[in-house]
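As structure tokens, one chain now follows by itself in the form predicted alone.
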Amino acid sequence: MKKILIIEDQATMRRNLALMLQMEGFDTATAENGRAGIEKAREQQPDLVLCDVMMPELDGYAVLRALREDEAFANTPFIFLTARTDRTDVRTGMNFGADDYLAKPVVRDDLLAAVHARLARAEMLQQRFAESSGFNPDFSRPDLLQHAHGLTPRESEVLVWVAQGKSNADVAAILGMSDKTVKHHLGVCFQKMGVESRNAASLVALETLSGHRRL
């Protein structure tokens, strides 16, 4: 059973989220603020974290930063929950390493879809890590994609974020471009890399960023 940690300062919201997830078969743990959330994460080792942005003690960005600095949580899916949906807020969260961003009030179907999608991707990456000796992508090195596949710096930036599971809308917010521009860059990446799908491009990128370049 997958465990999900909910970090949310509003008690009613916290209970509702826990109930929705429990009814779907998930185990849940909760924390009422950012500082308690970090402690609970280290204690419970959740498979995914749902975290509010605006909270007492520590805000969601500080929570994410602290967890990402801990090797144990380097790849743990992290979803922000917030009433703030400005593109700048989305970009900030994604740049800190968030995997998704859901606006309050959270719709049950949207919540479950995001949770299932992020858990599935985490399992795929974990399997890929197990299958490939030393598979450890360095997402700070988009230049590796440039040299290996003849991509431009901008195309490489787009592909790095896509390889981390970001949607076109996420990438657009992070890099300050339109969804249409992201889609265009990806199409060019597919052509240069000789692949036909987003998943195939992501896997090739992950191998390249790990030093397992496909020839």
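None of the values given here were measured: they were computed from a predicted structure. From 1 onward, residues are counted along the sequence shown. The term rigid core refers to the most C-alpha atoms you can superpose between the two forms while keeping them within 1.5 Å.
What follows is about the form predicted in complex with the DNA, which we do not show.
Residue 61 falls outside the set of residues with a heavy atom inside 4.5 Å of the DNA in the model of the complex. Heavy atoms of residue 177 reach within 4.5 Å of the DNA in the model of the complex, making it an interface residue. In the model of the complex, the DNA stays beyond 4.5 Å of every heavy atom belonging to residue 26. Interface membership of residue 14, defined by any non-hydrogen atom within 4.5 Å of the DNA in the model of the complex, is ruled out. Among the residues 65, 147, 154, 42, the one placing a heavy atom within 4.5 Å of the DNA in the model of the complex is 154. Heavy atoms within 4.5 Å of the DNA in the model of the complex belong, among the stretches 181-189, 43-51, 66-74, 30-38, to residues of 181-189. Once the rigid core is overlaid between this form and the one not shown, residue 12 does not reach a Cα shift of 2 Å, moving by less than that.
For residue 41, the Cα coordinates differ by under 2 angstroms between this form and the one not shown after the core has been superposed. With a cut-off of 2 Å and the rigid core superposed, residue 22 has a Cα displacement that falls short of the cut-off between this form and the one not shown.
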